[in-house]
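Listed next as structure tokens is one chain, alone, in the form predicted alone.
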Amino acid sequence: MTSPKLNKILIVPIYPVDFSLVLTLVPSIREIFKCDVILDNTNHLNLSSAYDSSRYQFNSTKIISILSEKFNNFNGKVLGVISVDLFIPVLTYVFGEAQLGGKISVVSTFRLNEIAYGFQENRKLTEERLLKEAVHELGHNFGLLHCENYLCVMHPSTSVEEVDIKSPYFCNDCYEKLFWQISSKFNDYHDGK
């Protein structure tokens, strides 16, 4: 009997978003997490309940709830990619948010684009920043906490400059934790638990 693969990642573009930018994530995330990466392009999410008109921003926690409801039956991790400005109530803005040890995360390109800082668009830089924040949020989904190593992708970023400093990869400690999480869940699954 063939078992469904437990470790897979579904990337969900949430429009309006630059779809070609989202596409750049697929091969890199597949390589970094060593799992199947699927692209869902059937998005019709209504995000009106996540919009805060007093802040002109979208509440990322509410977007995670919307994604969680839509992909409740998906067996894997789900990463939403959006281009609007995100916040959580205690912070001015966030690049993304994830359920720690859960399956849903969201990341925004809004503050990763040089245009947000009054500069000309630098598409290559936006791609690099998006990959780092996507891997960071997925790392949280796999149970990883923030890392003190400023080069590790799990290092927290409170500014885009901090995003630029870190790499898109895990440090050795975080890498070991990640693959312990992935392999133990995979083994639990095959043990019938």
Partner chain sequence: MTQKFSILIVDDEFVVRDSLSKWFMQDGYKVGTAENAAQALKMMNEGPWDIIFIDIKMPGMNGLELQKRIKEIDPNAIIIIITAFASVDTAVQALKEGAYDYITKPIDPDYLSHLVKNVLKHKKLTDEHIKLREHISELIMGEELIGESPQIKKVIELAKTVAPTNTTVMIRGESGTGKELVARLIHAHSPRRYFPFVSVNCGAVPDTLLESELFGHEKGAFTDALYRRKGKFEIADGGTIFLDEIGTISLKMQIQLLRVLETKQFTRIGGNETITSDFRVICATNCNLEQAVKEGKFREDLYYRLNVFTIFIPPLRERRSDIPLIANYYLKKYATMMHKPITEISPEAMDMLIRYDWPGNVRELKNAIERAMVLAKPPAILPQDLPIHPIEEEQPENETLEAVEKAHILKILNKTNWNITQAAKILGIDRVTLYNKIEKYNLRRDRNT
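Everything quoted here is computed from the prediction, not taken from an experiment. Residue numbers count along the first chain shown, from 1.
There is another form of the same protein, the form predicted in complex with its partner chain; it is not shown, and what comes next is about it.
T61 is the sole member of T61, S167, S68, S28 with a non-hydrogen atom within 4.5 Å of its partner chain in the predicted bound form. Heavy atoms within 4.5 Å of its partner chain in the predicted bound form are found in exactly one of 124-132, 154-162, 45-53, 31-39, that being 154-162. Taking the partner from elsewhere, no residue among T24, K77 and D85 has a non-hydrogen atom within 4.5 angstroms of its partner chain in the predicted bound form. Its partner chain in the predicted bound form comes within 4.5 Å of no heavy atom belonging to F110.
Taking the partner from the other structure, its partner chain in the predicted bound form has a heavy atom within 4.5 Å of a heavy atom of T92.
Interface residues of 137-154, taken as those with a heavy atom within 4.5 Å of its partner chain in the predicted bound form (partner not displayed): H140, L145, H146, E148, in sequence order.
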